Structures are given as structure tokens and as C-alpha cells.
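Before any questions on how it binds or moves, here is one chain, the form predicted alone, in C-alpha cells.
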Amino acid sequence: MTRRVRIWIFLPALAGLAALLVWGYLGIPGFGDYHGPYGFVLDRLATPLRHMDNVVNATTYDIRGFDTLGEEFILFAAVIGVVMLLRDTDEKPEMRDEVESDLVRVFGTLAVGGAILVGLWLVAFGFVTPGGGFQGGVAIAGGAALVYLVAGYRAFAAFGDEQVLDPIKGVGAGGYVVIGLAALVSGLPYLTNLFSGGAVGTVWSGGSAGFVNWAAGMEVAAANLILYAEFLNQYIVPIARRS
């Protein structure tokens, strides 16, 4: 199939996608135009009942916790699928340090620590301020991936070791399930909050939902780092080595 034929096949699909995007954009309600009843109900009940200031996380990890379990395992399965597609049997690429600037290494390393610290803060205070396990996990993985940019592949290899990341990913995903099963063993509905909510506005608010939050953070951070490592191994590092 020639390039011209592929373009003519692609153009109708592109036009259809553009039409759907325009249609969806025109149907977006104005800012603050909300008529659904559930948001107002949750806004009134989340803090007094769940002891959580962040209503979004109260909904995600407590009120709607079982649905979030499915979302976490979607990520779990997606990472497994991508790794299977990317992985081959070739010999691992040679590790080389490409960053030669001492200034980039020094200040970049400080930025790595800051990014990981922000990620941990997002997970820990997810029930107090905007954040949570998913957001914090992505930030932690991004901070670790920054090591490759500021220090080279050799330094990043320690963060991308699948023998370490796979158990962390499994513990994070499995921990979410186990916390829910603990409620069933206690004779309560799945993922029922087993502990008291704690003081509102503190890191201890949320009760057992806080453990669910940390489990999600572990799984998301490890899953994203596995993806970064596979992409680097299969594409970025071999290309840099050939050049």
C-alpha cells in the first residue's frame, strides 16, 4: 500500500474524529454549571461522615472504593500487556552515562529528590489536600524517571529494576484487595472503613481508606517505572548507542 493510499484512508477517520471532538466540546456545560444531585450530597456528607477534607478522594477510595479497585487493575493489566509487546530476547543494551554537565547532574539530582518528595506528600495528604495515590504514584515515578535525564541510564537502572518493581506492583494491587477482604472477614461490606476516621485535616484522617490510598500509590508508581524502563531498554538506549 502506497503512502498516498494510506493518507486517503486516514483522512476520513481524521475527519470523523474531529467532528466528534467538536460535537463533544460544544456540549460541555459552562464552568460551575452543575445540576447533578450526588456531588452536592457528597460535599455535605464526606467530611462529617468520612473525616476527609478532599471530597474527590473520599469518593474514590471510600464511598466508591470497589469501582476504584477495577480502575487499578486496568492499569495493572495494561502494564503487563505493554511490557509483553515491548519485550524481546535481545541482549540488554550497554549502560552508558550520556550526561556530561556537572551542573545538570547536581541541580537535576536535587530536582529528583524534590519530585519524589512531592509525590510522597500527594499520597500522604491525599485526604486533606488535592492529591491521592494515583497522582502521587505518577509524581514519584516521574521523579525517578528524571534520574535518566540528569544522570544517565546507568543511574536510572537501579530505579528500573523489574525484580524490585514487580513485587511492589503486586503488593500495591493485592493490598487493595486484602484491605477489602478484611472488612468481609469482619462481617462488613467489602472495603468498609474498619478504623475511626481520625482527626479531620490531618494525615491520619480517612481510617483504613488511607491504606487503600497508599496501596494505589505503590502500584501506580511501580507500574509507571516498569513502563519507563521498558521504553528506555527497547527504544531510547539502543538508538543512542547506535548513534
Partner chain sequence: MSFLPYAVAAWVCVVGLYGIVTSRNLIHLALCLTITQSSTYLLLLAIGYVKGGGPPIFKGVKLGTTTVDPVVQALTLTDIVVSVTVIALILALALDVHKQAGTIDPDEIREMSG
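So that the term is clear: the rigid core is the largest set of C-alpha atoms that superpose within 1.5 Å between two forms. Residue numbers count along the first chain shown, from 1. Every value quoted in this text rests on a predicted model; they were computed, and no experiment measured them.
Keep in mind that the form predicted together with the partner chain is missing from the display, and what follows is about it.
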Handout entry: the partner chain contact at residue 103 in the model of the complex, heavy atom, 4.5 Å
Key = no
Problem - Non-hydrogen atom contact residue 39 with the partner chain in the model of the complex at 4.5 angstroms - result: yes
Problem - Touches the partner chain in the model of the complex: residue 166 (any heavy atom, 4.5 Å) - result: no
Exercise for the section: Verify the contact flag for residue 75: yes if a non-hydrogen atom of it lies within 4.5 Å of a non-hydrogen atom of the partner chain in the model of the complex, no if not. Expected result: yes
Exercise for the section: Quick one: from 138, 122, 155, 112, grab the residue that has a heavy atom within 4.5 Å of the partner chain in the model of the complex. Expected result: 138
Handout entry: Neighbours of the partner chain in the model of the complex among 43-66 [non-hydrogen atom within 4.5 angstroms]
Key = 43, 44, 47, 48, 53, 54, 55, 56, 57, 59, 60, 64
Handout entry: C-alpha of residue 66 moved at least 2 Å between this form and the one not shown on rigid core
Key = no
Practice task
Determine, after fitting the two forms on their core, whether residue 48 shows a C-alpha shift of 2 Å or more between this form and the one not shown.
Solution key: no
Exercise for the section: Return yes or no for residue 187: a CA shift of at least 2 Å between this form and the one not shown, with the rigid core superposed? Expected result: no
